[in-house]
Ligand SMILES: C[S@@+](CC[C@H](N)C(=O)[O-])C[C@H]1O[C@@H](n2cnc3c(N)ncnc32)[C@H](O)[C@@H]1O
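Next up is one chain by itself, shown in structure tokens, the form predicted on its own.
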Amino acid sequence: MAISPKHAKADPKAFYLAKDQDQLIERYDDAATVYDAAMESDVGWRGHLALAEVVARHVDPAATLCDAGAGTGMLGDQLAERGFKTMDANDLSEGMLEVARAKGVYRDCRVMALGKPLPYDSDTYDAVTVCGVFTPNHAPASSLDELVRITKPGGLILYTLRADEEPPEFAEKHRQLEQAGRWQLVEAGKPFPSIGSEPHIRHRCWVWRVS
């Protein structure tokens, strides 16, 4: 993966190698203004495009949606083009959210950390999306517990997850939540090439219905 010098701050390796969450936030804050350009032109990230199509198939555009770990709003942009108007966003990085706010697609943008208690009421959202966030050194599988809590019964949780090297903790969390009767699988999409610059990397879009 070759990142151009003008986008060097947004090199994914810098995020994966952050020594702790504070450094991760600093690096995202620093990269925010060039992040979209790096992801689109250098990395060739396609996850937001694929997930937007899945969301559009399963979720009414009139739904109230939470874009968790929204970053600069790349997914929100795609959903807005598909008619979604009532969307809230959260992310670790205030710098990334500043870019997201400027796009004008979200109702509310707040700094939050996935994997910790979220300051939303239970049963708030018709759908929750997570795009490109369940990845090394980022949001853990335990994040799903809170996402289930804030989703209305019958609502959907939709997210991307690496398929060629699926993190083992997610398979276990999927089973735990199913066995506890907290959600049911709607769709585990076919793996797709998600990063143009590294075509061997594949992601899958997951869709779960909350009980």
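Numbering starts at 1 and runs along the sequence shown. These figures come from a predicted structure and were not determined experimentally.
Although not depicted, the form predicted together with the ligand is the subject of the following passage.
Not one of 50, 79 and 156 comes within 4.5 Å of the ligand in the model of the complex, counting any heavy atom. Of the candidates 87, 109, 139, 128, 139 is the one whose heavy atoms come within 4.5 Å of the ligand in the model of the complex; the others do not. Listed residues 161, 55, 70, 147 were compared with the ligand in the model of the complex; 70 is the one with a heavy atom within 4.5 Å. In the model of the complex, the ligand lies within 4.5 Å of some heavy atom of residue 21. Residue contact check for residue 100: none of its heavy atoms lie within 4.5 Å of the ligand in the model of the complex. At a distance threshold of 4.5 angstroms between non-hydrogen atoms, residue 35 is in contact with the ligand in the model of the complex. When the ligand is considered in the model of the complex, residue 92 lines it closely, a heavy atom lying within 4.5 Å. Residues with any non-hydrogen atom within 4.5 angstroms of the ligand in the model of the complex fall in just one of 56-64, 170-178, 147-155, 24-32: 24-32. Residues in 180-211 all lack a heavy atom within 4.5 Å of the ligand in the model of the complex.
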